[in-house]
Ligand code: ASP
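Only one chain is shown below, in structure tokens, and it's the form predicted alone.
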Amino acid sequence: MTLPRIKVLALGGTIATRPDASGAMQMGLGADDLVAAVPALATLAAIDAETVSKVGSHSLGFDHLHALATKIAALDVDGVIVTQGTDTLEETAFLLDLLLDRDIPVIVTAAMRNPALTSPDGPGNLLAAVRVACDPWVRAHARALGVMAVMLDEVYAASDVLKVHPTRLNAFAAPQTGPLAALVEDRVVPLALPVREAITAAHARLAASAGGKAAPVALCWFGLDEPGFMIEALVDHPDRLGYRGAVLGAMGGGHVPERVVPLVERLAALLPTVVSPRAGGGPMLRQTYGGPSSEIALRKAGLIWGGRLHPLKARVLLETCLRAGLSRDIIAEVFDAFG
């Protein structure tokens, strides 16, 4: 029997750390090391391992991930596993999902416990990711599933996965939808297919983002009694501090403090500005509340509605749209598809 050909691309992260002389964990392990730690992989797939980088995911950039997507798009394999740190896993997975449209499984995985701890989860997560990539149901539905994240024996859609705790082993979840599949014994148990119309519609629009110029996007989170000084700085600075767009983590169903409404409206007139729920995701209101800081007023003022996207993912999508050179109207259409 011919085993599936699985490419493992290692970027670094906790899964690839080892202790230095002081006991502090440092980047050091490569893809071959990760694969060698899981002998059972050889029974599932023909593994080809490649070390792409050895950095913490907090230091990855959009350019790194665009280059990674280009590499994945050109691979002649049956599945791809990307290992990286957990700090930005949800953003990496979502960006790859926006950039890739392949009919093979593409999976991002990582570790919460470093290799020096008792029961590190990296080897188990890598084994689970390869098992998912080799599974007949997953392979048959690869395009419908899109890019996936596999952590702690659960499979998540890239659009929905979030890191919901900074340190716990069960740090990842998809609060809006739940997992797509679960691993039990040596089986992958399907649970759901994701709703992907918005991603599918975005693919054609975003094709030009490959090789495009970086487009920094500011992320501003609104809390109680926020005075708006950061937004004021963006509005008043001649080059907008270098930013080409902004995402606002808004309150409730899409609200901001009344005192900052004039600033927010000025910002939206200068830069594509997306409103996303600071609650972490879920479709926002569109036409319920009135008043100057309501969703009705903000939408009329030209704010782009982020739909169900978490602010972190709204920022990824906006940067990708700007990198592709999309106009404000087209950007609004892309976001509108997310609800």
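In this text, all values refer to a predicted model and were calculated from it rather than measured experimentally. Heads up: residue numbers just count along the shown sequence, starting at 1.
Below, we refer to the form predicted in complex with aspartic acid, which is not included among the displayed structures.
None of Ala158, Val132, Ala111, Leu145 but one reaches within 4.5 angstroms of aspartic acid in the model of the complex through a heavy atom, and that residue is Ala111. Screening Glu232, Asp101, Asp87, Glu226 for any heavy atom within 4.5 Å of aspartic acid in the model of the complex leaves a single hit, Asp87. Although the partner is absent here, Pro311 is not a contact residue: none of its heavy atoms lies within 4.5 angstroms of aspartic acid in the model of the complex. Proximity of Ser57 to aspartic acid in the model of the complex: non-hydrogen atoms within 4.5 Å are present. In plain terms, the part of the chain that comes close to aspartic acid in the model of the complex, with a heavy atom within 4.5 Å, is 79-87 out of 173-181, 193-201, 133-141, 79-87.
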